[in-house]
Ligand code: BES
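We begin with a single chain expressed as structure tokens, specifically the form predicted alone.
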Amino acid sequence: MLQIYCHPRAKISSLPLVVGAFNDEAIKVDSHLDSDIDNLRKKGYLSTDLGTVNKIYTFGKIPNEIIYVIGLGKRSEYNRKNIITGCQKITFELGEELLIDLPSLSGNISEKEAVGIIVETLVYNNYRFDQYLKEKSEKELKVGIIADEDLSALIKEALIIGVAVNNTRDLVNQPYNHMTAEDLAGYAQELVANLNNSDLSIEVYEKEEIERMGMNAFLAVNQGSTAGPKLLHIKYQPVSGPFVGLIGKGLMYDTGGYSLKSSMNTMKSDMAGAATVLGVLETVVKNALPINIQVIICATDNRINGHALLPDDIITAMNGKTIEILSTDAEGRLTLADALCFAQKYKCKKLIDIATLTGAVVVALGEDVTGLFGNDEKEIQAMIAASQESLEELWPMPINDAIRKKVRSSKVADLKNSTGRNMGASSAAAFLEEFVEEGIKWLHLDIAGTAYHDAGATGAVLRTIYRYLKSPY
């Protein structure tokens, strides 16, 4: 477990010291060492270009036996994003215990603002998923942050956020044979137990109970699976007032059903929305945010047998709307439709769903930008403001009447579950909108591109949603 703490400036230590340095500025570490560092730079042995790491042995001239000089580039170009780039190589590979000089890494940014970015970056870049490797790394990093004031509370909050992001990444990186709907339910129950908060409760509904509630859209996706569905419902109510519903897509594995995917590698990541809302819950409870939330996850896989959902089938969702199935690979929106209905049944007045919903959003925005949809402009702008604070990029996407008309264009049912690839992300959002009641504020984040990259799960948008819930925008 990564440890990060405030280290008193006056406390003498022999631990390796990490300092930041800008181009064309003197590097100030200690008067006994500064001229040597300057000579190394003049001879071309030391670079201060952004993200470079220079290791210097001090040979007893100062108590710290090693200095790591981190290049920060030009001060005039230094910003919050550059803090991430500058600190991304500060990992356990530099040493299992380090000291970081915060003022030198902050530049023109306040230490209070910079420390959270640095802590979250350290936690993120010291992540590894090696539990299925025969040889595992036993190295863990312990970091002391030297600041001009006590920033312990900010460090603690950022550390909680960073750990929750990594827990989310762990869930998404798990292969299906270790992360079924039942496994996810077990994880959620264990999480609630470990959070040990009297304002927190969980209910896990089995197939028979889901049937009684009429969640037939959710159940239709599960028809072809030998593993039963699970409906997870977590309530956190520390204050009086309305609930925010956090709804995560929980497709534990997506084959596409009879509309079979041509390639389904990485489809273990189709439950990233579910993992994200559990991570958000973790940050909200541990940081004691005074906000009521409900987490709703319809967890299942999408597989094929003789009972599986077929194209041309017509199903009835929890709110009574009928759906013509054009593609069994447009299954996530079916589970989310019933989850949205469930959340409103339990009096959630604001809904946020997070889902790896469409390949179309990846075509539109790529792998680094999350698509954002909603029915309230103020809430959309509030989420964008939170994303800017978290340095995660969101892009507002349209739902217009033409798109709504196509979703409603079935000749045999109230809705189509797919309108094809063109405007696919918007039509999926328009489909979900059909299950949001009048007067309910709703946001939809399509993380199909951002949740999982070549290196594995990213934990995308968790930090954004946490700050959205925290801040009174």
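The first residue of the sequence shown is number 1, and the count goes up from there. Everything quoted here is computed from the prediction, not taken from an experiment.
Same protein, other form: the form predicted in complex with the named molecule, not shown, and the subject of what follows.
Every residue of the trio S327, A330 and S418 has some heavy atom no more than 4.5 Å from the named molecule in the model of the complex.
Heavy atoms within 4.5 Å of the named molecule in the model of the complex belong, among the stretches 260-268, 316-324, 274-282, 383-391, to residues of 260-268. Residue contact check for A448: one or more of its heavy atoms lie within 4.5 Å of the named molecule in the model of the complex.
A360 belongs to the set of residues with a heavy atom inside 4.5 Å of the named molecule in the model of the complex. Under a 4.5 angstroms non-hydrogen atom cutoff, the named molecule in the model of the complex has T356 among its neighbouring residues. Residue contact with the named molecule in the model of the complex: D254 places a heavy atom within 4.5 Å of it.
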